[in-house]
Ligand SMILES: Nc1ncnc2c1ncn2[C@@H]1O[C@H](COP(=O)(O)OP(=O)(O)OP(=O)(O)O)[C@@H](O)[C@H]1O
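Only one chain comes next, encoded as C-alpha cells, the form predicted alone.
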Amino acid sequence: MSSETLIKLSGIVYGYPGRPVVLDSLDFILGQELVGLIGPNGCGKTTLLEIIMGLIKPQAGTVEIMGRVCSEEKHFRPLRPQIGFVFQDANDQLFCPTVADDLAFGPLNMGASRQEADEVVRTVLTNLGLEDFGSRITYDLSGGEKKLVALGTALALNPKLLILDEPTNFLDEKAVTRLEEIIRTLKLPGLVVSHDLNFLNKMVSHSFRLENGRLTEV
C-alpha cells in the first residue's frame, strides 16, 4: 500500500438477514483527498462507514487503514482517534451533560491534562463559532447545534482524516456555510456521505456512487 493511501477496502461483502447483499465484493481506495459518497437510501453507505471504523465486521474482504490490516477490535482501537468520524445522528455521539464535557471527553481519554483538555475545548468552540456553548446542556441543543458539537468532538482529537455521515442534516444555511469554512480550513482528506449535492460539489474533489453493492466514480 502506498504511503499516500489512507483507506483500502478489498472484496468487502456485507448483508443483512432477509435482504439482498448491500456490499458485494466492494473495492475502494482513499488517498490524500476529500471525496464524496452518494447513493439511494438503504444502499449501504452508513454500513460502509461503520466497516471502515470497525464498528461492524464485513462477512468477507479486507480492511486496511493507514497501511495496517484491521480485522479485530484491537486493530481499530488505536486508529480511531486519528479518524474524525461524525455519525449521521449526533445523538449517537453525544452522551455527556454539557457541550464542554463532550468536547473534553476524547482528549482526557487520550491522556491530556484537565488544563490541556480545557484549552482544546476553547479552541474547538471558537473554530465552530460556538464560543458561548461550553456550559450548554447537550440534550437541550437543536439538531443543527448537536451536529456541530458532534463534529467538534472529532476535531478535538486533531484527526488525520474525516469521515462524515450526512454532515449537513439539520443545519440551516448559515451553519452549512460555517461547516464549509471549517472543512476548507482543515484541508483534511476523507470521505463524506451526503444527499446534499450542492455541498458535495463545493467540498470534494470527486464522488463515488454506491448502488447494487458496488462503487462507481461519478
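Here the rigid core means the biggest group of C-alpha atoms that line up within 1.5 Å when the two forms are laid on top of each other. In this text, all values refer to a predicted model and were calculated from it rather than measured experimentally. Residue positions are given as counts along the sequence shown, with the first one as 1.
Omitted here: the form predicted in complex with this ligand. The next part is about that form.
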Even though the partner isn't displayed, in the model of the complex is Gln88 close enough to this ligand, meaning a heavy atom within 4.5 Å? yes
At the 4.5 Å heavy atom threshold, is Thr46 in contact with this ligand in the model of the complex? yes
Taking heavy atoms and a 4.5 Å cut-off, does His206 contact this ligand in the model of the complex? no
Is there a heavy atom of Gly42 lying 4.5 Å or less from a heavy atom of this ligand in the model of the complex? yes
Can all three of Arg19, Glu166 and His195 be found with a heavy atom no more than 4.5 Å from this ligand in the model of the complex? yes
Which one, 181 to 189, 147 to 155, 66 to 74, 46 to 54, holds residues whose non-hydrogen atoms are within 4.5 Å of this ligand in the model of the complex? 46 to 54
Once you overlay the rigid core, does the Cα of Arg19 travel 2 Å or further between the shown form and the other one? yes
